[in-house]
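Shown next as structure tokens: one chain only, the form predicted on its own.
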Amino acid sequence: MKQFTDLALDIAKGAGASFTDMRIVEERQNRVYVERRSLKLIDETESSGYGIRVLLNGAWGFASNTLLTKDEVIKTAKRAISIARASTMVPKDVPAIMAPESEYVDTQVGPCLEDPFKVSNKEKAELLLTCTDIMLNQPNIVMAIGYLQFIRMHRIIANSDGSYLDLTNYFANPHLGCYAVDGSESQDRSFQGGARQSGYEFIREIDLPGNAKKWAEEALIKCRADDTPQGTMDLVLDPMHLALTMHESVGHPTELDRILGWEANMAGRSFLKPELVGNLKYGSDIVNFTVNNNLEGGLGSWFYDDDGVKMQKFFMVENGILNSLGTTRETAPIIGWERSNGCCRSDGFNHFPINRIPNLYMEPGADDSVTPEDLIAGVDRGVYIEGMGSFSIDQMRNNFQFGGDMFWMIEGGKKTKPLKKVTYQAQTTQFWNSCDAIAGKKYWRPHGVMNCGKGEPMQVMRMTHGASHTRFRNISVGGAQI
């Protein structure tokens, strides 16, 4: 491939480009989907192509192609140069520049003990059909669905810094869920473990058949549960639930392109400003959010981002104080930062890389002996929430409402009865500052998100969040119709 990347870089250099890169991306995907007791889909797809970015006189040009030949690479590079020249005619307050970065020559392959593309579709379908059959055999279950998705992504990145990277990652994404109907009430329950960068071993590890009956039983429990109470009370939230809460109220607000106003079109901007770094009390003193794009199994652990920046680990929020922002090589210099911290990714060869949420997780409590039961024991009246559900957040990522997948009333320090249709409302910094206890690292769990949408045209990206069980005081609960 190097003959093609060298060709593209030489053409751009000859045109006077200050920065150029070429990304060649090959992606293979396998999906198996079942509904009730029927196999509905087996899908095998492959895609291959490349994109060329050219930065010329402070303006970008980008072009992509699926034909990898000498003539087509020349044509694509020239098209990117032409677009960059046209882009210089549009006035910009701040011409684009790229923060400096080291030269890397590297080959890396992500974790995969059992190649999912060598496991037969028959075995995958039988696993899912076993699970849905277990669910449908439980009382009042009217629908059960399951799917397995596997992706192998191979990237070659070459840029004018001198970097040449050959990178391969595997992703495993399972889902299993069911719906129960009892009278006029319908509720659902599902696997909430998220996706992981892994091979098929992840599917064997999570034991979907062994948990299918429990999830079906809990769907019916939700149907017969009391509606959510209303009022100000305490919350104990499990790791799977917190993954979505932190994604929306910490991950997105700290994306620098959103702060700069570049992302106003898709799901809003951010209440943050660069000068708040080091000053804003984002959460209570025990709240620590870590960015770790080297997290084992993390969906954002790509070794290098699409700017050619080596993946890093740092605090986004440390001891409650906003410590950093997610940046790219283009956004970092705009606020006077010397280097990018590696948060630039594209979801394919034909999309321009943009600022994305990294692997972002909440650190467990400092006391390893603290258990979820300890957190519950400290609540006189409140709600325990498991898993992700509905959510809504305003355009500045400031005011929000979240639901969940399973709910329990807490009274006198004990879980007393199931609930349904629970929502809570809060403001971002008020919510994280109300955190007063976090369970130890034994209870820390990751959750891989496969479907984060952003950009115009839309790009769908992957990242992993994580947490231990966490307690929040005096949160507004109820009052929404779901």
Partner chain sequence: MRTREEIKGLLNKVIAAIPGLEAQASYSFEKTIATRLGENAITQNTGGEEERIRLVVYNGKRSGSSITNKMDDDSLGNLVRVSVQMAEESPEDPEYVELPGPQKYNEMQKAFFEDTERLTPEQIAEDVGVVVAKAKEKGFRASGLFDVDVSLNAIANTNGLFCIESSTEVNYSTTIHGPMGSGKSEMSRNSYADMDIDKLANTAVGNAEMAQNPVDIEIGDYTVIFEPAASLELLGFMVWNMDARDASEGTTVFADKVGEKMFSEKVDFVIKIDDPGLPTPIFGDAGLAVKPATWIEKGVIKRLYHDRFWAKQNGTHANPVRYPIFMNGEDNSIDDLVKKCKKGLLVKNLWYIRYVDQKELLLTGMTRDGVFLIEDGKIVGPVKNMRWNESPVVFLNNIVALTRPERVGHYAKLPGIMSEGFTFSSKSESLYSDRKCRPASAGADVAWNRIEFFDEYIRSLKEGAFL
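Predicted model only: the values in this text are computed from it and were never measured. Positions refer to the first chain, counted from 1.
Omitted here: the form predicted in complex with its partner chain. The next part is about that form.
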For Asp207, is any heavy atom within 4.5 Å of its partner chain in the predicted complex, or not?
no
How about Gly261 - does it come within 4.5 Å of its partner chain in the predicted complex, if we only consider non-hydrogen atoms?
yes
Look up in the predicted complex whether Trp444 has a non-hydrogen atom within 4.5 angstroms of its partner chain, and give yes or no. no
Note to self: Using a 4.5 angstroms cut-off on non-hydrogen atoms, would Gly413 count as touching its partner chain in the predicted complex?
What the structure shows: no
Partner contact check in the predicted complex: of 299-307, 165-173, 97-105, 114-122, the stretch with a heavy atom within 4.5 Å of its partner chain is 114-122
Answer key, its partner chain contact in the predicted complex at 4.5 Å (heavy atoms) among Asn294, Ser87, Gln138, Gln149: the residue is Ser87
Exactly one of Phe191, Phe271, Trp408, Trp337 comes within 4.5 Å of its partner chain in the predicted complex through a heavy atom, and that residue is Phe271
Taking its partner chain in the predicted complex and a 4.5 Å non-hydrogen atom cutoff, the residues of 128-146 making contact are Leu129, Val142, Met143
